[in-house]
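What follows is one chain in structure tokens, specifically the form predicted alone.
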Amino acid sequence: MEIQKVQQAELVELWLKGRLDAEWSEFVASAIDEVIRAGCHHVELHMGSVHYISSAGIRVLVKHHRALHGIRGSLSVVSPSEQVDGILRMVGLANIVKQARQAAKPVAPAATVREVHDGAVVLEVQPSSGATAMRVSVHGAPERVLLGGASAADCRTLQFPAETWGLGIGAMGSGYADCESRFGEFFALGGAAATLAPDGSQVPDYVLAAGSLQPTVQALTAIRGTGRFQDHGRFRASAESGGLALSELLESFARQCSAPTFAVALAAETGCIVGAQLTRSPALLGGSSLFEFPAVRDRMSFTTERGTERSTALLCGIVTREPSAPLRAHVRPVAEGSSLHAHIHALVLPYRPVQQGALDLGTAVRQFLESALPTSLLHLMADDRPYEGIGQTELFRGAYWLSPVERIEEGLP
């Protein structure tokens, strides 16, 4: 099998020559995956020189057609050979391929979408939703909790309906006693909440809002935002940069946002995630510091190397140029030398392209969680050590939601 790739604006043509059988089906599948991972969601397979296709090859077409259709993309078969065309008709795929081919050309972006080039960051800014500035509340004393002073008095039951986001240290359960050994990082966004218990659990647990069921977290510390995000758009790394450090993207957002403090949510295709997780509940520290050496090795885990396999992540948090008194204990500098402070958590999932165009936040969160189980949940931080440091979370492209923060209150309603 030979494959030639031709880039046509937002459309990629793959010209195939040979047999699309079991021996070559994974080769073709990998070529299509590579196109999708590069950010193109419209693929044409020119199959005039493919003289044979087996069920293994048909499987590749069906799999990628469904995957791209699910993110508003398309996969079409163009000018198939007589043999391939006949097989597709026999297995009932002629109509699907024809429909995909008709929809293959990407829709031109609306005139109201504004493109901003800011160093290595390229933003496609959608029209503002007109939402008012977001309200943010904070709960708990992070320093005291992490120094081993947590008690039942610190525990607060928090609900996270659709237009509420949050993060901190929490667990899912009926109260402090039920959650005492399971307090770890939590994440809430778009009508979903997830927690990663530090009791040996390898997979985050999560709850999606459904009917009268609302995601609920027992929180020792929390930041919680209420209201719709005001701004939405797409981001990507420039062709020259390849990937974006998280701090680069946040600095760009800060330049676009007039408010000194803003909330941010991302659905991002990532190169690596750099952060930390609790491996022991702060409620079990018995008065000793989480960071006590060498016990810290058994109480926290840190990203030790940059992963080579891409993933998709949902991120949310708060970023500020000027940490106010209620927020100061909850944020840290995003990277060495940066003037920004932030607190951001990431829910990591197996790789899935982020749908192009405008996205509803709640719909996007639900689609990701319904398509695959989360693989990790981390508190994001930069590893800026001079020699051993592995740097920052790396992002390639995705969707963002931003909102200026109107005010920050201490104590959650």
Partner chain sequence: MLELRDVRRTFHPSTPNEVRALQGVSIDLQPGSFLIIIGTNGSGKSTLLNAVAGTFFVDSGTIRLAGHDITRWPEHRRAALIGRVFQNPFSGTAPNMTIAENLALAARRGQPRGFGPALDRRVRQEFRDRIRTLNMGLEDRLDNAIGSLSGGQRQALTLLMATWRKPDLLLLDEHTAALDPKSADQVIRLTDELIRRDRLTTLMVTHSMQQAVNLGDRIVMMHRGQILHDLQGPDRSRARPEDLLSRFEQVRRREQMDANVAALLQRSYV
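Residue numbers count along the first chain shown, from 1. Only a predicted model underlies this, so the values are computations on that prediction, with no experimental measurement involved.
Below, we refer to the form predicted together with its partner chain, which is not included among the displayed structures.
- Proximity of residue 332 to its partner chain in the model of the complex: non-hydrogen atoms within 4.5 Å are present.
- Among heavy atoms of residue 42, none comes within 4.5 Å of its partner chain in the model of the complex.
- Though the partner is left out of this view, residue 343 does reach within 4.5 Å of its partner chain in the model of the complex, counting heavy atoms only.
- Residue 297 belongs to the set of residues with a heavy atom inside 4.5 Å of its partner chain in the model of the complex.
- With the partner omitted here, the stretch from 200 to 208, 127 to 135, 79 to 87, 256 to 264 that lies within 4.5 Å of its partner chain by heavy atoms in the model of the complex is 200 to 208.
- Scanning 233, 142, 323, 191 against its partner chain in the model of the complex with a 4.5 Å heavy atom cut-off leaves one residue, 142.
- Proximity to its partner chain in the model of the complex, taken as a non-hydrogen atom within 4.5 angstroms, holds for one residue of 381, 50, 32, 364, which is 381.
- Taking its partner chain as it sits in the model of the complex, the stretch 136 to 151 comes within 4.5 angstroms of it through a non-hydrogen atom at 142, 146, 147.
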